[in-house]
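Listed next as C-alpha cells is one chain, alone, in the form predicted alone.
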C-alpha cells in the first residue's frame, strides 16, 4: 500500500495545496488520492482549502490527539474505550475491498471460486496444490493444474494485512487461534512483497501464485482474481454494489464511532472482505470554526463526491449510513456544549 500511495501522492503533486489551507488533516495513506480530489473540487466551489498530510494511520492518530490538525484519519477504527479516553468522535469516510489475486494459466478473473476456510488452508500451507480435492469440488468443470501454490503476502505491516487476517480469523477458528489478526503476522508459508505493488508484481511474475490486494489495484493492473463465498453462501461479483451491500447490511451501531470491521457481513450481495477508512475529531472543539469547516467539507463530499470516489476505485458510503454519520456530528460541541454543525 505504501509504495502505491506514494506514487499517487507524487502524481497529484499536492496540487491545490500551494496556498495555506483552511482545514488541516493527517493520517492514513490509502484515502489520500480521494481526499486530494475532493479538496481540489471543494476549493473550486467554496474557496476553502484542505491540507492533508498522508503520513499513515498512526501519525494521524497522534496528531489528532495532540490537537495539531482539525481531523485525523485511520484505516483501522479505534475502540470505544480509546475514543472515550481521548474525547474523540469517529466516523467512516469511504470504503475499499480486498480480492485474492491469482496467476494460473487459462484461469481468468472471476472464474475460480474460494471459501473462507479454503483461503485459510492455502495461507496456512495445508492446501498445497491448485488441483486439491477441496478446490476441484468447489470448481467443477474448471481445469486446475497439478501445480504447487505459491502464497504471496505483505512483508510490511499494513492495514491491508489487518483486514485480510481479520477476515481469515472470522471464518477459520484454526487461523484465529494459531495466527490471528494484525497489521503484521507470521505467515506459515509463502513469499513477501512490499506494499500492494510488491504483492501484485510477485503474483504477476510467479506462475500458480495467489496474493491479497486491494480491489482497485487489481482492477487497474488487470490482475486475475477469484470470487469468495460470502456469509449467505453466495459468490457475489466484486464491484461497487457488492461492497456497498456489505456496508448497508452492517450494524454500524454495533460499536462506538461506527468502529466495525465490514468483513463477513450478512446479505446475499455482500462482498465478504470489505473495509472502511475513518475520520477522527475531538468532541470538544477547541477551534469550533475549524471543526465546523472540516465537517462542512465531509458533508459536501458525501453529497457531491461519490463520482470522484468511484472514478478512483473507492466505494462511497451508502446513503443510509451517511445519514447516521451526519446525526453523530451533533456530538461535536463548542465550549458552551452547543453542537457546532
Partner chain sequence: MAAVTDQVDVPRAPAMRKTPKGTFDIVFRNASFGSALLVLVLLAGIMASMIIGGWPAFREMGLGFITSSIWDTQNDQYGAWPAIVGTLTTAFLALLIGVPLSLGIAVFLTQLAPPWFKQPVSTAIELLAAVPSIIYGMWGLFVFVPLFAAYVQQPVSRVVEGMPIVGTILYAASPSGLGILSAGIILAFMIIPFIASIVRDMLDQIPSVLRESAYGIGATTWEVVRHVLVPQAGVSIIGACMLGLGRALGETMAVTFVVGNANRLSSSIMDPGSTIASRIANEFNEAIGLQLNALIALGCILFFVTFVVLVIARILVSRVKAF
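Numbering follows the first chain given and starts at 1. What you are looking at is a predicted structure, and each value in this text was computed from that prediction instead of being measured. C-alpha atoms forming the largest set that superposes within 1.5 Å between two forms make up the rigid core.
Keep in mind that the form predicted together with the partner chain is not shown, yet the notes after this line are about it.
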For this chain shown on its own, do 56, 153 and 158 all sit within 4.5 Å of the partner chain in the model of the complex, going by heavy atoms?
-> yes
Which of 229-237, 92-100, 190-198, 265-273 lies within 4.5 Å of the partner chain in the model of the complex, heavy atoms considered? The stretch 190-198
None of 171, 185, 216, 127 but one has a heavy atom within 4.5 Å of the partner chain in the model of the complex; the exception is 185
Work out which of 181, 223, 104, 245 lies within 4.5 Å of the partner chain in the model of the complex, going by heavy atoms.
-> 181
So in the model of the complex, does residue 144 come within 4.5 Å of the partner chain, heavy atom to heavy atom?
-> no
Taking the shortest heavy atom distance, is residue 206 within 4.5 Å of the partner chain in the model of the complex?
-> yes
According to a 4.5 angstroms non-hydrogen atom cut-off, is residue 131 in contact with the partner chain in the model of the complex?
-> no
Residue 115: touches the partner chain in the model of the complex, heavy atom cutoff 4.5 angstroms = no
Does the C-alpha of residue 218 move 2 Å or more between this form and the one not shown once the rigid core is lined up?
-> no
Hey, does residue 61 budge by 2 Å or more at the Cα between this form and the one not shown once the core is superposed?
-> yes
Per-residue C-alpha change between this form and the one not shown, residue 99, threshold 2 Å, rigid core fit = no
